[in-house]
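Okay, so here's just one chain, in structure tokens, the form predicted alone.
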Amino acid sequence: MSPGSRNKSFFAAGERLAAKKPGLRFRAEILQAIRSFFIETGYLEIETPLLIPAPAPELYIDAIHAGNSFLHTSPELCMKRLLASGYEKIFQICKCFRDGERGAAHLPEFTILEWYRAMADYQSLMNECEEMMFHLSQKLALGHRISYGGREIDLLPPWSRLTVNDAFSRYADIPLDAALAAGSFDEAMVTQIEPHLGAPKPAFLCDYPSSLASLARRKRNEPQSAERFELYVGGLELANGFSELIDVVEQKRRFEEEREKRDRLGKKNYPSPDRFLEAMPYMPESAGIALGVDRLVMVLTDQGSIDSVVAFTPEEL
């Protein structure tokens, strides 16, 4: 590349970065407002390592190797060890890394907000999501109505709550049990259900089938369902939360099932997260949630692409 071409490339990139300044300034205000909510409600902000020896084995989430360790896909395991050590209300805003994730709402390096509460369940976390989002709308002078993707969203609580089974009955052309048996659950969710969720109010999609429980506990009076929810705004998934599983025997069984599924798909497996498993018997009844900060910024700034709300995309580095 000639010097003249390099200069043109530099100035073009500089202009793109300069054009993002108002949006990045508002992003900073959003982060400050998030912190103010949690500090005002008695949460402790913590930091955990980005490099960990063993991520949780999950079928559709691939960790990135870094030497003899892995860049964490979530701070979940370390934060739960803090719960087991007596921390009652903790939150963290950090970078996470997932191999192969790229799209209009996906980046391989992204910012996440996670928070955990002892002596809480997924119902109380849903209430807290409503409170936090309403706090942000007031702190940022947005009012309780925002526009996203051409739709008006009313953030005033309470929000709608819909079970996964009811969502399939209402929107899908296949029953939930049949979708699970056919392996078409994710396809039905993306193409038929998600576009209907989160407008004119945000929506909690809750009570996932126990086969999709992840690290959530099963409902005591309905063991075929798990105390897990996902939050949608304007058709976009923002968060995933649940009442935490604290049965170490059950957790080991689920991890082994995930490893077997990864093996069948030819995916690499990870070492066992032994220190997390050792801490599990000491975890209190608790609940936790992961919320995508970049996606939250997309919603609050009415942007259709995640590229618009970060300073650099992978392709610009």
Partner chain sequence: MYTASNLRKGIKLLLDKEPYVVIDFQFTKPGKGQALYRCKMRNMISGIMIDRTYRSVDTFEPADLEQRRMQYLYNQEGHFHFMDLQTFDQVSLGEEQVSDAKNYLIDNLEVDVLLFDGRPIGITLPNFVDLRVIQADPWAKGDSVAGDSKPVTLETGYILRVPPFVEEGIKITVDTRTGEYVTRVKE
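Not measured: the values here are computed from a predicted model. Numbering follows the first chain given and starts at 1.
The same protein also has a form predicted together with the partner chain, omitted here; what follows describes it.
Looking at residue 121, you'd find every heavy atom of it more than 4.5 angstroms from the partner chain in the predicted bound form. Remark: residue 177 does not count among the residues lining the partner chain in the predicted bound form, judged by a heavy atom distance of 4.5 Å or less.
Proximity of residue 187 to the partner chain in the predicted bound form falls within the 4.5 Å heavy atom cutoff.
The closest heavy atom approach of residue 282 to the partner chain in the predicted bound form falls outside 4.5 Å. Only one segment in the set 196-204, 103-111, 131-139, 155-163 has any non-hydrogen atom within 4.5 angstroms of the partner chain in the predicted bound form, and it is 103-111. The candidate spot formed by 29, 302 and 312 is out of contact with the partner chain in the predicted bound form: none of the three has a heavy atom within 4.5 Å. Contact annotation: of the candidates 249, 51, 44, 265, the single residue with a non-hydrogen atom within 4.5 angstroms of the partner chain in the predicted bound form is 265. Among the residues 277, 33, 64, 61, the one placing a heavy atom within 4.5 Å of the partner chain in the predicted bound form is 61. Shown without its partner, the chain has 228 as the single residue in segment 211-229 with a non-hydrogen atom within 4.5 angstroms of the partner chain in the predicted bound form.
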